[in-house]
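Here's a solo chain for you in structure tokens, the form predicted on its own.
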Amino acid sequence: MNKPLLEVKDLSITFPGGRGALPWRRRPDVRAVQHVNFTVDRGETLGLVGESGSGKTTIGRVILQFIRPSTGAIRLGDFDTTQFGRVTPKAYRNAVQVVFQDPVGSLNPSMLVGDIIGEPLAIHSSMDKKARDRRAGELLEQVGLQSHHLNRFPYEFSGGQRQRIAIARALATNPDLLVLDEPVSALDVSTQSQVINLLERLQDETGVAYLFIAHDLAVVRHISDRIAVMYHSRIVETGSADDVCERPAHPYTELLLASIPDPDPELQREKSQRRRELGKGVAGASGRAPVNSCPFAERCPHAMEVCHQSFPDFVPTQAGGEVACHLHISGPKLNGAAISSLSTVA
């Protein structure tokens, strides 16, 4: 089998707690990510989905080497980030690029578009200014803009056009992997669709792999080959995009699906009822991620005693993915009625 482009193994990230109300007391450490494992193949799109605060953006920042992990390993191609010193190699920066959520804040308002796109070329290549401008014009046309836009400032473009510029900049170094951190959440619905279609076309043309980070499961399903569902520092379910969305195995995945609006009034009523059933627990997750239990236990209507005692191992699902849920682990504590309730697709 071909080796995956990206391998994330047992990744954990803990941020030290700051000072408390009393100077001699410190706040508890924050466990942002706990024991996360996943892979991304070349040319593949993995959707990492979860609500705000789940830790998905932190994973993206670690892959980009903006922050360093507490434990675990990240391998991208021939790179092993555990072997990096204080300075990340330029070749690694060249191989992995990022598109941020906010197309306004991610582009320098005082720079011309040509200089914005040409900046990574100046850092990572030996091109002269004329060659950089020519390449920047080609990249602009590749993302659906015109080469004469090189001499404009970011404020002269719409939000969707700015995000296209950000994508062109990310592609300038011909990366192997793009980390897309909520790249369409700041755009209106029609523009979201255009940008998603653009990303799919660019992937076909360049073969670049995507780690697509988002909270909207409907958008993630549209672009992803596989989906990893994350909740409160843990990945709780993985599988192909269609299988995860059509046959969810984890109660949290089902809750995400039930939260997607449906234009059919009858289906929307069914989803609302299912969402109420799944939301009978506490309204939200507590501030600290539990270490030795399922993080969704306090919200899950199917929670058992074992759910509050240990985090389950991943087991195969009938759809071909994997799920970390005690409802799917055989044994005397298995709640058969609870499992049957998960067969209803929200």
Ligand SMILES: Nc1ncnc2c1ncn2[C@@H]1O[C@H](COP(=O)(O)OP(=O)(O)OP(=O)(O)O)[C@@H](O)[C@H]1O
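Everything numeric in this text was worked out from a predicted model, so none of it was measured. Note that residue numbering follows the sequence shown and begins at 1.
Omitted here: the form predicted together with the ligand. The next part is about that form.
Between the options 304, 319, 30, 315, the residue in contact with the ligand in the model of the complex by a heavy atom within 4.5 angstroms is 30. Interface residue among 176, 133, 254, 182, judged by heavy atoms within 4.5 Å of the ligand in the model of the complex: 182.
At least one heavy atom of residue 61 is located within 4.5 Å of the ligand in the model of the complex. Contact check for residue 57: a heavy atom falls within 4.5 Å of the ligand in the model of the complex. Shown alone here, residue 52 lies within 4.5 Å of the ligand in the model of the complex, counting heavy atoms only.
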